[in-house]
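Okay, so here's just one chain, in structure tokens, the form predicted on its own.
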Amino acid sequence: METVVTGRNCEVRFGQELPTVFIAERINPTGRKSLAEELKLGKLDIVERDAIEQTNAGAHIIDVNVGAVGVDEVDMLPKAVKKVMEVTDRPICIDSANHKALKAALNVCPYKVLINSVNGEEESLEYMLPIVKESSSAVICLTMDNKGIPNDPGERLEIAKRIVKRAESLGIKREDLVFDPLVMGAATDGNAGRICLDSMRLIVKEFGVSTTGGFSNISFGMPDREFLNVNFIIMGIMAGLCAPITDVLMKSLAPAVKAADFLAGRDAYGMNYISMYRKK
């Protein structure tokens, strides 16, 4: 089972048997005051720079999020998506909970995108899944519902089952469902990493689907975040992680993931790992 998204003259495939791909997270104003202020002014200079830098750093998919206080998402999200498409051929992850903004962005993108996201709440299922079906997109599925984020991996699996059943009833293919078992900060819950990875293992075993997650979340509030993030991504790969949402500018990320892919059986004969070694 493979998930496929496309960009300009570009196709990205990911799944349980394939090498890990990176969803680049930097075009997001959360925690980035300079980007938020620029978006309020209708400017896209940082968006353009981030798209280029992340592509050059090895991003496979570019996440685009413009959600911030004072930003008109319906106006700015399609503009940001168009700007990213101008400077990179990478597929795009359109990241918004605003249905009108999401539809506006989909209207300007002629490629198969990854939508971020749907969850187990009835309102989310009702509004988001028809958009996914109509646009022939892939979608990130969050294992949470109106009760919040369960601490029990079995409960997160039950939410995943609900999403799969509802999506397939609309004719959405299972390979277009990319599950996010939800990464929480380990600084406030020492079991957060284990719960996330156990949830991922259960979902992968049940459905064989592609998986993702905001793996930088694990290190909030801790020193040397890059060290923690990279190590948690490696642990994730061994648990079935296919496409982490992360900062691709971390210098230690790519070599560590190449090694993990080889050791996890996702890199036949270590050819990707050897190719990286030869380039060095």
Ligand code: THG
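Please read all numbers here as calculations on a predicted model, not as lab measurements. Position 1 is the first residue in the sequence shown; the rest follow in order.
Below, we turn to the form predicted in complex with the ligand, even though it does not appear here.
With the partner left out here, the ligand still marks one of 233-241, 66-74, 210-218, 36-44 in the predicted bound form; by a 4.5 Å heavy atom cut-off that stretch is 210-218.
Residue contact check for Ser252: none of its heavy atoms lie within 4.5 Å of the ligand in the predicted bound form. Using a 4.5 angstroms limit between non-hydrogen atoms, His60 is distant from the ligand in the predicted bound form. Residue contact check for Asn28: one or more of its heavy atoms lie within 4.5 Å of the ligand in the predicted bound form. Proximity of Asp176 to the ligand in the predicted bound form falls outside the 4.5 Å heavy atom cutoff. Highlighted residues Arg32, Leu142 and Ile245: every one comes within 4.5 Å of the ligand in the predicted bound form, counting any heavy atom. Taking the ligand as it sits in the predicted bound form, the stretch 161-193 comes within 4.5 angstroms of it through a non-hydrogen atom at just one residue, Asp180.
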